[in-house]
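A single chain, nothing else alongside it, follows as structure tokens in the form predicted alone.
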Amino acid sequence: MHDTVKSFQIREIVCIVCPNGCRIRCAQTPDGLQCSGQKCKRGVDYAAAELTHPMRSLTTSVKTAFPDSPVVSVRTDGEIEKAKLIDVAKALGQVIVEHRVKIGDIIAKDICGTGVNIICTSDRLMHP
């Protein structure tokens, strides 16, 4: 009987959950995901999520119809799948804010079917 040694790809992830910035080394083994280098359990949870289903917040700007402020800053009100970032950014390129808004106002609901809204992060459009 011959033993087969299977090599597993090792990935290093810098954890962003807390200020420690741990460098977590992860490898998928027959027993599951094995991680080392983290200083807390949150690091393992972050690494597992990052390797299996990465999510991101998006901060950008959108066009407005106002000459005194041609763009306004916006962000997602939750995280979206990393794979959908480009689709969301393209959709936001088509958005034009045509009414005065303030911080927290929804600019686009359920952007690209993600269940996440795009909200305003500036009061610069309230009133000139």
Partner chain sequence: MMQEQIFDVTVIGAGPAGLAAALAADHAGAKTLLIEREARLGGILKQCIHDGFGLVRYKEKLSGPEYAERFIEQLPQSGVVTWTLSFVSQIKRDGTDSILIVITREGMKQVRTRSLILATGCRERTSRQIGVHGRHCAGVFTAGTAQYYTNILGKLPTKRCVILGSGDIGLIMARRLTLEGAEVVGVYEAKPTPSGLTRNVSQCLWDFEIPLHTSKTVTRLFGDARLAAVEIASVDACMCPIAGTEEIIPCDALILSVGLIPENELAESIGVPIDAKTKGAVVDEHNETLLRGVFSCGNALHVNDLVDYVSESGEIAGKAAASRSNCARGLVPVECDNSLLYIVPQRICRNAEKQDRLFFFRSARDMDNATLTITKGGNTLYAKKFAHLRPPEMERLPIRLTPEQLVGNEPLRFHLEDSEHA
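Numbering follows the first chain given and starts at 1. No experiment lies behind these values; they were computed from the predicted model shown.
Keep in mind that the form predicted in complex with its partner chain is not shown, yet the notes after this line are about it.
Asks: Even though the partner isn't displayed, in the model of the complex is Ala65 close enough to its partner chain, meaning a heavy atom within 4.5 Å?
Replies: Ala65 lies outside the contact set for its partner chain.
Asks: Though only this chain appears here, would Gln28 touch its partner chain in the model of the complex if you measure heavy atom gaps against 4.5 Å?
Replies: Residue-level check for Gln28: no, no contact with its partner chain.
Asks: So in the model of the complex, does Val14 come within 4.5 Å of its partner chain, heavy atom to heavy atom?
Replies: Yes, Val14 sits close enough to its partner chain in the model of the complex that at least one of its heavy atoms falls within 4.5 Å.
Asks: According to a 4.5 angstroms non-hydrogen atom cut-off, is Glu81 in contact with its partner chain in the model of the complex?
Replies: Taking the distances in the model of the complex, the answer for Glu81 is no, it never comes within 4.5 Å of its partner chain.
Asks: Sort through Thr52, Gln94, Ser36, Thr59 and report the residue having a heavy atom within 4.5 Å of its partner chain in the model of the complex.
Replies: None of the other options qualify; the answer is Thr59.
Asks: Just to make sure I understand: among 11-46, which residues lie within 4.5 Å of its partner chain in the model of the complex, judging by heavy atoms?
Replies: Result: Val14, Cys15, Ile16, Val17, Cys18, Pro19, Asn20, Gly21, Arg23.
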